[in-house]
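Have a look below at one chain only, the form predicted alone, in structure tokens format.
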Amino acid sequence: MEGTNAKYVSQKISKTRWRPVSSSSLQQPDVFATGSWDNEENKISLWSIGEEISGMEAEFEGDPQLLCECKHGGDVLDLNFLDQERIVTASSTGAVSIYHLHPNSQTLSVSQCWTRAHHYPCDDAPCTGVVCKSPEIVTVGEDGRINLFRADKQAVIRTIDNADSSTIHAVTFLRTAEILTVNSIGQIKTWDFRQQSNTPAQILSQAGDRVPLHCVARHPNQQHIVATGGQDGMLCIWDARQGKAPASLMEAHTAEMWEVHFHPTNPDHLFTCSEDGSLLHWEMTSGSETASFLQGGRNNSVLSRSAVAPAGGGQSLSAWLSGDSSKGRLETTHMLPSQTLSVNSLDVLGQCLVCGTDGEAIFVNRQVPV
């Protein structure tokens, strides 16, 4: 897609995240972090897409430049910024680590580590997901455990040991004291840390086959609207206020969907990536009698109630949950050239999108049409 730069980095990229920018500024993001997996030595790396063109060889403007990197024990299974100078990682060893960026020296170092945050009785268990709302950090794992940490305390604040009998694949905040988790038997569970009970406040699941869910995202303005993706490549939109099944089901990918993200400030735009090597941009537009899919020739269809309605930030509620397809359309666009290897992770902020692949490439687009 126009405006996309590729950077080949000699390591499989498992996670990519933009460093946050001030919400009060109009600044576009210019620094992102990556984590690697399935390499002899895995790393956390920080990259800049600033305008500077350094070195004797001419570089494309906006081509990612490595700022610094640090070794990471085990595969990086998740990664999130706690604030502008701290990154929290989830490891296949079960460890949760906080990396601190030292701006003056442009170096990264581990400032805190919970080595066996996730474990089985006799072995480590991979930590599969982490979400941050400074100073709080929530992690989930293959052991079915949920941990609540604070960045300023070494001791765990709270642990729900048997939160799930299956692997918890991902976690996100629903509200300040509430989280959402998705698991390997197709369930979404909501948890309220204000309650002493170690049971979920709510459980949502698809009817029929228990398809594992790999990723979850909450609508930034309408907190009850939740998007998930999983093993079957379907994009599911849920209304957490009512019903136990998805409000909308849409064919998205031909293999596992690894991540789904609403655009943080224009949630009529949504992005998904997959094992099938594709990265899709979903956009609500108006003025069509049917749902239109611009999938490069793929014949995709909405399988249940169509999630389409007038565009515009204020209409996002009805746009994703409405069953009346006559009010608008949903367009999808491929964001990458033809890929053969998995697109494992994506992040979008402002007009900038970054993704990482098993093809040892990072793709950055600074002209995302949102």
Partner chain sequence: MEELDVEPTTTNIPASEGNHLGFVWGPGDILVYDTIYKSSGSVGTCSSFIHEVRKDEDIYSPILRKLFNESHHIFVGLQTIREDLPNKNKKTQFVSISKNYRSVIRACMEELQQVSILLAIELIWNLCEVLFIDAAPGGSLLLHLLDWVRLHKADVDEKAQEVLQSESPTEHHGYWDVVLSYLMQGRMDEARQMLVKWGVLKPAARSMYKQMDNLLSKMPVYNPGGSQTLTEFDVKWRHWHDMVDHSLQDNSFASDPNLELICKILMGDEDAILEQKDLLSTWYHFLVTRLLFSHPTVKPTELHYYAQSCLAMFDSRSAPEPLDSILLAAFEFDIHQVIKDCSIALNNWWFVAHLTDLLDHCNLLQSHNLHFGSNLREFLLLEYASGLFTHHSLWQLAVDYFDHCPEFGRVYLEQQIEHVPLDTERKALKVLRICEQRQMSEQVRSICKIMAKRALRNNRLGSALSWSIRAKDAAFATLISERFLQDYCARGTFSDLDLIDNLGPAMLLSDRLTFLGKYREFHKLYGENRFSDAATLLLSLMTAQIAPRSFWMTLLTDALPLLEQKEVRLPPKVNERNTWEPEMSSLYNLHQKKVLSTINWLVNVDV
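Residue numbers count along the first chain shown, from 1. Worth saying up front: this structure is predicted, and the values here are computed from it rather than measured.
One more form of this protein, predicted together with the partner chain, exists but is not displayed; see below.
Engineer: Looking at 203 to 211, 130 to 138, 260 to 268, 110 to 118, which stretch has residues with any non-hydrogen atom within 4.5 Å of the partner chain in the predicted bound form?
Structural biologist: Only one stretch qualifies here: 203 to 211.
Engineer: Test of understanding: in the predicted bound form, would Ala255 fall inside 4.5 Å of the partner chain by heavy atoms?
Structural biologist: Close contact exists here: in the predicted bound form, Ala255 approaches the partner chain to within 4.5 Å, heavy atoms only.
Engineer: Heavy atoms within 4.5 Å of the partner chain in the predicted bound form: does Ser165 have any?
Structural biologist: Yes, Ser165 lies within 4.5 Å of the partner chain in the predicted bound form.
Engineer: In the predicted bound form, does Ser184 come within 4.5 Å of the partner chain, counting heavy atoms only?
Structural biologist: Result yes; Ser184 sits at the interface with the partner chain in the predicted bound form.
Engineer: Hey, in the predicted bound form, is Leu341 touching the partner chain, heavy atoms inside 4.5 Å?
Structural biologist: The answer is yes: Leu341 has a heavy atom within 4.5 Å of the partner chain.
Engineer: Looking at Asp75, Glu251, Glu178, Asp239, which has any heavy atom no more than 4.5 Å from the partner chain in the predicted bound form?
Structural biologist: If I apply the 4.5 Å criterion carefully, the residue I get is Asp75.
Engineer: I need to confirm a contact call. Of Gln222, Asn147, Gln231, Asn80, which residue comes within 4.5 Å of the partner chain in the predicted bound form, counting heavy atoms only?
Structural biologist: Result of the distance check: Gln231.
Engineer: Judged by heavy atom distances of 4.5 Å or less, which residues of 124 to 154 approach the partner chain in the predicted bound form?
Structural biologist: The stretch touches the partner through Pro126, Glu142, Asp143, Gly144.
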